[in-house]
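Here's a solo chain for you in structure tokens, the form predicted on its own.
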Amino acid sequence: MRHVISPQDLSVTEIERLLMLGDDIIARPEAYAESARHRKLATLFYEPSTRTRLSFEAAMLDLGGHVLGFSSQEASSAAKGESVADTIRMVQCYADLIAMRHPKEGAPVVAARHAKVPVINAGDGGHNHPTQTLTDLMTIHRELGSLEGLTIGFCGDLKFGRTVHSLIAAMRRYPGTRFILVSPTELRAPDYVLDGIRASGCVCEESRSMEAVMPDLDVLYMTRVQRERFFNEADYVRLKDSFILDVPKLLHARPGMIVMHPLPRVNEISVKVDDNPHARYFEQARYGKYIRMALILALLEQGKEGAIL
């Protein structure tokens, strides 16, 4: 039985098949309206979430399935001290599939060890967020037509940003990828992320200026400085406005460059950018439902003839 805990749990071929399935779901939604009939998805969210939780739930409902679960740790028996392992042993009695978000890195690994149904990591601390990565890959695939030979700029909180870490891990497997990392020194990408890029043979550059690298980019991936990851409020206040994308900064961008953001944003992207032709972050959120539909189907159908997984 397969779980999806990190982007590396899926091969490049499997990702391509998921993207193709996502394309087909967009083109023919009626063909999939009963694909998960009588199946149940449990969404176990120990951390707040809007897009990830709602897109999982919308995905399962659009497949004809059902959803149960909780939207905060306080709304579960975790508030009484129940362990992740015990919660999973209990929930698997009621669901065919589990999507789990947890503030502690590695919690979904623990869940998968005790689960008899597939577990999807919906984000664990600053570690991995594989379905956001699939959402990001689908956005690039749909908007640019290819995942190869691209220059991707990541800007903002590259230290704690699990979406950044996950997307870098996925994109370094595609030929010709060039990474440009823009952040304050205090929020630069961890060494293990940089080491992974170098080991893959991809080009990696670091910069302290968004404007300087703008003309080189095919994708600009903005991130917020995450208040919840800081132990010191003063450090957060000092760093939170390090990089703000506005319309004038986009004047030097390539015509086809796209701006992405995993959301929520705070003030790192001006609202005036929303109507700019480069902006794709709300389309990105919409693609999240379709690729999660594809992943749910693949996990529910795994092992069958012709299955993706």
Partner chain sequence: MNIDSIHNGIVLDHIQAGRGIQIYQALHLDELDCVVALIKNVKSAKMGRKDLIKVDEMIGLDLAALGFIDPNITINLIIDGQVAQKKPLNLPRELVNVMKCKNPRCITTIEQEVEQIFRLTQEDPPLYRCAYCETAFRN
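Residue numbers count along the first chain shown, from 1. Every value quoted in this text rests on a predicted model; they were computed, and no experiment measured them.
Same protein, other form: the form predicted in complex with its partner chain, not shown, and the subject of what follows.
In the predicted bound form, its partner chain lies farther than 4.5 Å from every heavy atom of Gly176. Heavy atoms of His102 reach within 4.5 Å of its partner chain in the predicted bound form, making it an interface residue.
In the predicted bound form, Glu148 stays away from its partner chain, with no heavy atom inside 4.5 Å. Under a 4.5 angstroms non-hydrogen atom cutoff, its partner chain in the predicted bound form lacks Glu211 among its neighbouring residues.
For the marked spot (Lys249, Val273 and His278), a heavy atom within 4.5 Å of its partner chain in the predicted bound form is absent from each of the three residues. With the partner omitted here, the residue from Leu187, Ala107, Ala170, Leu181 that has a non-hydrogen atom within 4.5 angstroms of its partner chain in the predicted bound form is Ala107. The partner is absent here; in the predicted bound form, the one residue of Glu143, Asp86, Glu205, Asp216 having a heavy atom within 4.5 Å of its partner chain is Asp86. Picking from 131 to 139, 190 to 198, 150 to 158, 91 to 99 the stretch near its partner chain in the predicted bound form, with a 4.5 Å limit on heavy atoms, gives 190 to 198.
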